[in-house]
Structure formats: structure tokens, C-alpha cells
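Let's start with one chain on its own, the form predicted alone, as C-alpha cells.
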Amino acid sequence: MIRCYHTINELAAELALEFRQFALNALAGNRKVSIAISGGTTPRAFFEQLAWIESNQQQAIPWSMINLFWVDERCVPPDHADSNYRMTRESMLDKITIPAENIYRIHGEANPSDEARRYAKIIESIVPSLEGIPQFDWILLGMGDDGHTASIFPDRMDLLTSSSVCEAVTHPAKDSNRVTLTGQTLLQAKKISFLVTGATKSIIIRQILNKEPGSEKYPAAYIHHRTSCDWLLDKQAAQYLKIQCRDKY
């Protein structure tokens, strides 16, 4: 499913309502769900909407039913400006009632390889497995200007087929270390949503969603071509697609 919105705030608002219903369904079924989130501008807007719902809606989100994980993390301390955890904490976690024991952050301050192994063990102990691979209930992904997703970059396509749950990886341009979920872990999820905004990503979006020749070089395309994914785009990211933006949500 591909959805287009006029603004990033409209996208974030609808996704937040969808998330709340997802959590309410988990509560009704008396079953905890495991969700992995990403960093970036679009997730920040989404997190802020979730925090707004928590403060302004009578029917709050049942955060006790959510086990919260991260798709990837930069190898920096949790208070560093580049930390995905810090961004999530400032935009949402400090403003909601999620139990501390439900938050499973990647320890960016640790040795990357050691942390990849530790985080994999945490995931395997919490997230139910299917065919030996942890199966998240919902994974929220972004996409970079180079077509990467999570911290799987075009120069590390091997991470898409790695047998590990998590891997340590180095950013090809910035020479900085990260820890990321692998392709097999992403593909096992029950639900995957790509959140992509901005004109700089519009050509790659067109190539991936139209399955144009050459698009297979993008890690995001690898995921899209092998499983069912929802794509939530703003009008700038979707400008080369034959799709109308929603007037209401």
C-alpha cells in the first residue's frame, strides 16, 4: 500500500492514530507486541504526534503492551546529539507512560560488535521467533538519499542476507560505526512501514516502487521486492509517482 500526504505532519498524524489502534488491539487481545523504530526527521514528527495523543486524548495509548526496540543506532553515548535513542527520548519517551522495562535501546556507547551480539540475544529472548528468526509485530523503516534502510548501505548488501539478527556496520561516507538489524530480521516482521519524506528521495522512490532496472542496488528495494510493505510518503517524495495525496485522514 502506498499513501501520499501533503505534509509530513499529516503523515505523522495518521500514522500515530494507526499506532494507537494497533496498541489498543494488542490490549484487547491481551498480548504484548514488539515494535522496532527508526531515527530521522519523519519518525521525530511521528513520535511527537504520539506524545500529543498521550497528553490530549481521553483514550491514551496502552504503552504497557508495547515492547520498544530500535532498527539501528549510531555508536555514540545515549546523550549524544546523533543518538537515535536521545531523539526518541526527547520527542516522545519523556512525555509518555511507557514502562522503563519495555524500552530496549541499543547501547551505542559499547563496542559495536559486542553490542550487536548482546542486542541480538535481547531480541531473541523477548521477540517470538518464526523458523528460528525473531518476528517483530511491526517495523518502521526510513530510507536514505542513497537508498539505504536501517543501517544497511549499498556497499554492504551482504547484511541483507546475513544469518545474524544484528550486525555492526561502518557508514561508507562518514566512517562512523553503527549497529543494525539485518535483512532477514526485517523481512520476518509481520508488518513493515516505510516512512519517507523529501524531494531528494523522490527519484529513488520512483525507481523502487516501479521496479525499474537498476533499482535492485538499493537495500530498501531488496526489502520492498521480497515482502509486503506500506509506503507513507509526503508529496515531495511522491512527486514522480502517479498517485494523489490524501485530502483527509
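Throughout, we count residues from 1 along the sequence that is shown. Please read these numbers as outputs of a predicted model, since none were measured by experiment.
One more form of this protein should be noted, the form predicted together with a small molecule, which is absent from this view; the next part is about it.
In the predicted bound form, Pro62 stays away from the small molecule, with no heavy atom inside 4.5 Å. Mapping the unseen interface onto this chain, Pro78 falls outside it, with no heavy atom inside 4.5 Å of the small molecule in the predicted bound form. Among residues of the shown chain, His224 is not one whose heavy atoms approach the small molecule to within 4.5 Å in the predicted bound form. Proximity of Thr41 to the small molecule in the predicted bound form: non-hydrogen atoms within 4.5 Å are present. Figure note: of the listed segments 181-189, 28-36, 41-49, 208-216, the one touching the small molecule in the predicted bound form, with heavy atoms no more than 4.5 Å away, is 41-49. Here is the short version: of Ile106, Ile139, Cys166, Met143, the single residue with a heavy atom within 4.5 Å of the small molecule in the predicted bound form is Met143.
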